[in-house]
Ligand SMILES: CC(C)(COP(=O)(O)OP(=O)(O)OC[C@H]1O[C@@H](n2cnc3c(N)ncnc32)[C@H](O)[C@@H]1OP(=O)(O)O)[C@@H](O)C(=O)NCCC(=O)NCCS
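Here you get one chain, nothing else, as structure tokens; it is the form predicted alone.
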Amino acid sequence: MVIQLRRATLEDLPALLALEGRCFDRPWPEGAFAAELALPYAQVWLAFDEGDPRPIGYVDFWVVEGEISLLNVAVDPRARRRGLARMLLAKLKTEGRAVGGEMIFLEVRRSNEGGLALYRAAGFEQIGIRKGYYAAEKEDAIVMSRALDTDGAVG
């Protein structure tokens, strides 16, 4: 698997929505992604397996006043367990650092054991809990953070 990363544009919206639908039971709606792609402080990066025009993963984050807010990392179920999420986190740190990011913050579902393991392995630590953050399920969010190392590394 040879992965190529590139920044998403509005032209990628249909493919991004299809990927989101493969990854999540409650995918973000089209309007949410269209808004993300238009925000000046938001970055959405897509991952492609060489030769395949369909994205197999993405990372969506904001960089505001030195803080990087990780909104989502998603990997197509057919491409999981190959290090793609770690690669997308590395892209976040590189691009986030390039525009002044110093700290990364995220929320992850309490039940998302895979996500929690990924973030812990990347050096994130729990700093809080948002009770009932995921309203539809009344599920708590674990709030995590980590500083970028001086070289920008996240783990």
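Bear in mind that the values here come from a model prediction, so they are computed numbers and not experimental data. All residue numbers are counted from 1 along the displayed sequence.
Just so you know, the form predicted together with the ligand exists too; it's not on screen, but the next bit is about it.
Using a 4.5 Å heavy atom cut-off, which residue among Gly31, Gly128, Pro53, Gly114 comes into contact with the ligand in the model of the complex?
Selected option: Gly114.
Quick one: of Ala47, Val63, Val44, Val108, which gets a non-hydrogen atom within 4.5 angstroms of the ligand in the model of the complex?
Among Ala47, Val63, Val44, Val108, a heavy atom within 4.5 Å of the ligand in the model of the complex occurs only for Val108.
Do Val99 and the ligand come within 4.5 Å of each other in the model of the complex, heavy atoms counted?
Outside the cut-off, so no.
Does the ligand come within 4.5 Å of any heavy atom of Ala141 in the model of the complex?
Answer no; every heavy atom of Ala141 is more than 4.5 Å from the ligand in the model of the complex.
Should Leu39 be counted as a contact of the ligand in the model of the complex, where contact means heavy atoms within 4.5 Å?
Output for Leu39 is no: heavy atoms all beyond 4.5 Å of the ligand.
Give a yes/no on whether Leu13 approaches the ligand to within 4.5 Å in the model of the complex, heavy atoms considered.
Flag for Leu13 set to no.
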